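A single chain comes next, written as structure tokens; it is the form predicted alone.
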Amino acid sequence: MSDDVVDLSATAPPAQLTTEYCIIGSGPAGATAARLLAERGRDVVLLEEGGDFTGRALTQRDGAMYDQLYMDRGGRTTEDMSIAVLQGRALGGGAVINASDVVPIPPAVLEHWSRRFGIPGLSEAELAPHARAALEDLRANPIREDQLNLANRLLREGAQKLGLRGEVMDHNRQGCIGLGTCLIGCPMNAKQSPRLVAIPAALAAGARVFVRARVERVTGAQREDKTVVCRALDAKGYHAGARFELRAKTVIVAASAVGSAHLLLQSGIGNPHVGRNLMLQPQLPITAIFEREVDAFRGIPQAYAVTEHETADAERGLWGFRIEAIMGTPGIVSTLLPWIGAEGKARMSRYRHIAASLLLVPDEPSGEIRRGPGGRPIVRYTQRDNHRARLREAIKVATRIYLAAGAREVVVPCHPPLLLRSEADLSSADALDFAPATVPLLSAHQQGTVRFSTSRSQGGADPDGQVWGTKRVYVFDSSGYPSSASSHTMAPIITTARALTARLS
């Protein structure tokens, strides 16, 4: 841990803390805003609930890392337990634990935001310099051919045999040695995440950064000076300790589409739109079993995407679906296979023969965030029929791809398991109803909940991110997005955070 980062589990909270800008959340949005404001000579305090993990502190051990790097230890779900809601809880946010994919906002989405929602300042032309800067922040670069592991090459091979469009994605790694444990952090510090780029730059420019600092509420949202009420956490982040307060002229909330909305609700800030219009972009993991050893856990886990069916939609923005190779460590893979006991053990003994993909299906606003007992958020979500239909189609396309690449079978991890071994089996996917807790859907790209809008009757924040009804309380993360920005949100969030920060006076 850097000596410049104050760990409140080891250091007593300051008796009095005042600042011009208080930023809550240190992911791509919060870290970016902190850096840019500090470099402009502003007084900045950045607060993060999680701990600080770099290098050897990222141990590659499933249990310890999910416990420390993920919100609710990786166990956060929707209220009906149908979707796992994966969110980072560490300095640097979700970029510490993502698959390092750099996917900018498609121009058609920005056109949709402008035409459908009338949001100024987010056109392709206006965002262009910020989008370029975001790629520079991430040290974005193409994944080289020699970095494509066999699992990704098999997905590409099958897609090409079927004549389906695809792409090798850009990423934000430098010096990658192919450990394959990206989802539980990179001990080689290869990921050029905000923790390694924006946070050090913010500190160098004079920003103050506190970890193990849980913000419980913000008061005085309509006053010149706001009060941010916090609790220090213990070394593991399990228990809250000393209470302290921070005074700030401006508060920027950047705690994710779930966390930002929940904090505003806890604080009684904002209009009835706060918490609504949640998008989870639920993804379905599937596995293909090959006779040959694939060793998908070696190298970059997510590099190739089948984009043939990803489309721009005039009414919804990003639509369709895409298929991306992925792989996890044995602990997470075993929880996503539809077997337990002896059968589960036998299946995991074939771990080296598995190639896996995620079926990414953008959604419309379909959920909401509510206040729950004990200061915890309730995530409510109703999967729409069109989302189920596109998932079924994605299953069929992905199965055809893997069979064309030589897979013995494709496993859809539902209850009971769906095993697809030939074209004749594909129609069985039509019977999937995705009832709660029958399919392990995942959400890693939460958006919405404090929608940017030109009128307080249409959303939770104005086009500059200022929460309606407040004086200089802003949301700068994906909670402001009115529709899905992209299949991956790291680059989009940095882009819009740069644009919103540039407008601050």
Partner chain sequence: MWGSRESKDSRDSAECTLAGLLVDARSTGGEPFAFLSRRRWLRLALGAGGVALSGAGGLWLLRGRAPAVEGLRVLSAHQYRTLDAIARTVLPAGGVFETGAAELDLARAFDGYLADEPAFVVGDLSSALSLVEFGPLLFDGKPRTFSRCTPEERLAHWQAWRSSALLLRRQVTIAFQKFLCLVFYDDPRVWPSIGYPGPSLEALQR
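Positions refer to the first chain, counted from 1. Bear in mind the structure is a predicted one, so any value in this text is a computation, not a measurement.
Only in words, not in the display: the form predicted in complex with the partner chain, which the text now covers.
Select from the listed residues G320, P187, G220, G121 the one whose heavy atoms reach within 4.5 Å of the partner chain in the model of the complex. Looking at the other structure, the residue within range turns out to be P187.
Which residue, E157, E79, E409, E308, is the contact with the partner chain in the model of the complex, using a 4.5 Å heavy atom cutoff? The option sitting close enough to the partner is E79.
In the model of the complex, which of 111 to 119, 250 to 258, 412 to 420, 204 to 212 comes within 4.5 Å of the partner chain (heavy atoms)? Of the options, only 412 to 420 has residues within 4.5 Å of the partner.
Can you tell me if G341 lies within 4.5 angstroms of the partner chain in the model of the complex, counting non-hydrogen atoms only? Heavy-atom contact with the partner chain at 4.5 Å: present for G341.
Touches the partner chain in the model of the complex: N386 (any heavy atom, 4.5 Å): The answer is no: N386 has no heavy atom within 4.5 Å of the partner chain.
Counting only non-hydrogen atoms and a 4.5 angstroms cut-off, does R40 reach the partner chain in the model of the complex? Looking in the model of the complex, residue contacts with the partner chain do not include R40, since no heavy atom lies within 4.5 Å.
Going by a heavy atom distance of 4.5 Å, is A84 a contact of the partner chain in the model of the complex? A84: contacts the partner chain in the model of the complex.
Even though the chain is shown alone, can you say which residues of 359 to 375 have a heavy atom within 4.5 Å of the partner chain in the model of the complex? Contacting residues: P373, G374.
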